[in-house]
Structures are given as structure tokens and as C-alpha cells.
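One chain comes next, on its own, written out as C-alpha cells in the form predicted alone.
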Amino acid sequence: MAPTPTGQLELYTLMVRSRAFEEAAIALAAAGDIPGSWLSGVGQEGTLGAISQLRPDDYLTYTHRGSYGFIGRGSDPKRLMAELLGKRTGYSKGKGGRHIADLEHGILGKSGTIGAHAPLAIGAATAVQIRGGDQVVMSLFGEGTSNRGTTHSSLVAASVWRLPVVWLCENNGYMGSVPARAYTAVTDIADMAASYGMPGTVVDGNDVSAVHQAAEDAIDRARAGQGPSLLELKTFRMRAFGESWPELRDPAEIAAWQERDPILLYQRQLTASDRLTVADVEAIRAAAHAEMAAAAEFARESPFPDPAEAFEDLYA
């Protein structure tokens, strides 16, 4: 079922807010304020069509890329930005960087190794099953991560135990600067699902309406106790692998995908159906950029953690 008119505006606003956060983070990385680098999710905001449907008591595990998982779940941009800058006011008190946990919004954090967050999804889903609840765990991963043993083991466990997991593969076509055809033997990651006895669906990841519909079906299935599903969102990241990395992909390919910017596509859909006006677009953008500028300023002004706190919070 498509979102209501109000829901469509809310989804569009989430996408614009996520992009505004990304742009603020990119600027901070360029200024040297973010230690290391920022791995941008610009171009992958269609994923919000799935994330936005989670209930407040559902769970999310996420990849190392982008901010849309946090924005979609309702995390505070100020605390997110502060964490990226290593500040005491961040979600992980400045010690996590991109590895952020926001338990208030069901975001379980991630491991420092690729694919190691998939077992976290299995743990959360097993807890849901033991408690007899109907929460859903949505677990994001990239097409490169589909080759990891942790991913395969987790898919097996979810299927055998009929766990309420929605596996969501964001296939942006590249691992670093290496095209997917060089490291995956299949064209569609969703084909893997049949090996594990679960439905697998390929979706246009830049069409947020299509993502919404496919995710709704998978979420309903999981919530009804019918087990996991695998959705593969075909998408594209518009920035280099990291803000400190050179861009080695074909400029013509990037330009072609920019014409299919998920925010632009959804904006056109909503304006064509009179759900969105030019004035609405300008107001939503202005509010989002003001919000993220304030978040960046909050992060800059926040204190760094005291060195004496280095060994606090190592164990719960």
C-alpha cells in the first residue's frame, strides 16, 4: 500500500534531511573536522522507503555508509554530528565515530569488520522470538558483504529458525572502486535467497515508492512469523568510496545515475500528483539545511571527551 499523502511528504522530508546531513558531513570532512573520512550515502536515500516503515520498537543494523538509517529512525542530528567529530556529546561519547549505537531508536551499532553486524541482527531477532513479540529486525548490507561468511551464516540461521529479519542489500555496484562483476558471480544478489529458502526480490533502489512496497511486504511477512526475506536495492553512490579517496569511476556513469537521483525522482512523482509544490520543496530544503547547519555548529562547539574517560564504557 502506498503511503498516505501525509506519509509521502514525511518520506520526502526524511530523504531531504538525510541529504542535508550528508552535505554537512562532507563539508566537515573537507575542513578536516571529522577524523579519518566520511563514507557518504548520497544517492542511496531510496533506502528510506524501507527504514521509514519500521515501528519505534523495531531494530536496525546498518552498513558503514551514509546517515539515512539514523535519520529514518529519528536519531538526533546534533548527537550524530558530534559523534562524527569525536565529541563528548555524541551518541558514543566521541569514541565510536561512524560506529554509532542509538538504542533508544533500536539502532544496534556495528562492528569494525565488514559483515559482522549480520550476527547482531540474528541475536536481536532471536530475542524477539524468545520473548514472543512481533518486532522486526532490518539488517542492511552491501553487495560486497554478500560474499562474507558471517552474512551467509546469518542468512542460514534466519531461515532455519524463521526469524523476523528483513535482509536489505544495498547494491551500489562497487566495492571501493572495483565493479561488482569482479567479485560477485551472480548479477542479482537476491538470487541467493532461494538457497536459504526465503523470498528474494530485486527492487529499483532509486524508486522510493517501489522500495516502500517491497519492504512493506517483507516487513508484514516477518511480523506475522513467516520468516525472513531478502530485498536487493539496485542503487548507486554518487560520491567516491570515501571523502578522502580519489574518484576512479567513469564520469559518464556517475552523470547518468545523477539523472536518477532518488530525491529528484520522488520529487517529480509528488509534484506530478500535486502532493508537493515548488514552495514546499524550497521550504523543506531550507529547514533541512538550517537543521543540519545547527547540528554541525553544535558538534564544533562541543567538548572532546576527557582522556581519563578512555577506558570507560568498555563493558556493559
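Counting begins at 1, following the sequence as shown. This one's a predicted model, so the numbers in the text were calculated from it and none came from an experiment.
Below, we turn to the form predicted in complex with a further copy of the same chain, even though it does not appear here.
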{"property": "Contact test in the predicted bound form: Q226 vs a further copy of the same chain, heavy atoms, 4.5 Å", "result": "no"}
{"property": "Residue contact check: G74 to a further copy of the same chain in the predicted bound form, 4.5 Å heavy atom", "result": "no"}
{"property": "Interface membership of V202, a further copy of the same chain in the predicted bound form, 4.5 Å heavy atom rule", "result": "no"}
{"property": "Partner contact for S139 in the predicted bound form: a further copy of the same chain, 4.5 angstroms, heavy atom", "result": "no"}
{"property": "Candidate site S146, M192 and Y196: all three near a further copy of the same chain in the predicted bound form by heavy atom within 4.5 Å", "result": "yes"}
{"property": "Heavy atom within 4.5 Å of a further copy of the same chain in the predicted bound form - qualifying residues of 136 to 173", "result": "S146, N147, R148, G149, H152, S153, V156, S159, V160"}
